[in-house]
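Here we start with a single chain on its own, the form predicted on its own, put down as structure tokens.
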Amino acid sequence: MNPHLPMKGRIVKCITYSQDKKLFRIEANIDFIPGQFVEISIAGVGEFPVSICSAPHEKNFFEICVKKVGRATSYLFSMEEGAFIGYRGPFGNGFPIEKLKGEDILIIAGGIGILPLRSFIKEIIHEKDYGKIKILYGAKEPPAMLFRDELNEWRKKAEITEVFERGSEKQGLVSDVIAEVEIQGNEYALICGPNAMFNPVVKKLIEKGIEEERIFLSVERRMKCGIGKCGHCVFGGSYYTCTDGPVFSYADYKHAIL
């Protein structure tokens, strides 16, 4: 595949979650790792990066969930099943799914940070080759939480804690509920959400005994062109989110931002 040229994919399913969030299933043959992303291209309109939120074992399609924030995403919102779009990818490094087999997993998602983590959750539940799975999922309010219809299925294999900033009995930030969760210190932690949640979450995980090398962050919100050419995702002087990441161990991420 030429990484500069979009492939053609057909929209085969759409689910509207809110006025500004919509899931699209794209018919395509693509192999990827949870945590990787694609560039979505709309001819004459523009292109944008987005994490794949379906699981690798789900063949002949991939899914993306898009927040309407600009011209290209707004145009995509107007498209329906049967329409064609372009895509490039997958790009970047995903979560080390093979390394984590047999291990206990702690997943922490804030808002739309659930997108790349949904890919991982669905895959490890399907593979059944992992230890205990715990999921901490925070959102602004109950209507803003994505994939709530899937949580009961996930609960068959995972312990799930939900928290909301408002509109619920359990109110607060996702970092606030870490103290309530039983953590042994031998878990691998996977985190995605707003950048502001990284430091408080990581600090509390380290206090719980989880080593920096066992904490993985997805910083997918920094992505732009996907292939390390535009320079928009550079941080720490020489790290490219799209090629060195978007998934980093906290030990590497911390080194890059210091």
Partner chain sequence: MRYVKIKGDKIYEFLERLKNYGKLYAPVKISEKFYDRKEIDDVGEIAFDYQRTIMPAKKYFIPPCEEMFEIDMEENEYREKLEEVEPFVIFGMHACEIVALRILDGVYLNEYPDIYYERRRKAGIIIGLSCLPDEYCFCNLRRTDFVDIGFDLFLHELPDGYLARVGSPKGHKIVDENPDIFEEVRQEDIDAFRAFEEKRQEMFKFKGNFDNIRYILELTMQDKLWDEESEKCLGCGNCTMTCPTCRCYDVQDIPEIGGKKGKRIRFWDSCQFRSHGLVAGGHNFRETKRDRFLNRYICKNSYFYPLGTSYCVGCGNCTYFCPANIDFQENLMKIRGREVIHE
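From a predicted model like this one, the values you see are computed outputs, not experimental measurements. Residue numbers count along the first chain shown, from 1.
Omitted from view is the form predicted in complex with the partner chain, to which the following refers.
Quick one: find which of 25-33, 200-208, 52-60, 219-227 has residues within 4.5 Å of the partner chain in the model of the complex by heavy atom distance.
Going through the listed ranges, the match is 219-227.
Does at least one non-hydrogen atom of Ile42 fall within 4.5 angstroms of the partner chain in the model of the complex?
Contact with the partner chain, yes.
Spell out, yes or no, whether the shortest heavy atom distance between Phe164 and the partner chain in the model of the complex is within 4.5 Å.
No - in the model of the complex, heavy atoms of Phe164 and the partner chain never come within 4.5 Å of each other.
Consider Glu212 of the chain shown here, and say whether it contacts the partner chain in the model of the complex, taking contact as heavy atoms within 4.5 Å.
No, Glu212 stays farther than 4.5 Å from the partner chain in the model of the complex.
Does Tyr250 reach the partner chain in the model of the complex, with heavy atoms at most 4.5 Å apart?
Flag for Tyr250 set to no.
Is it true that Gly102, Phe120 and Lys254 each have at least one non-hydrogen atom within 4.5 Å of the partner chain in the model of the complex?
Spot residues vs the partner chain: no contact at all.
Can you name the residues of 45-68 that have a non-hydrogen atom within 4.5 angstroms of the partner chain in the model of the complex?
Stretch hits, in order: Val45, Gly46, Glu47.
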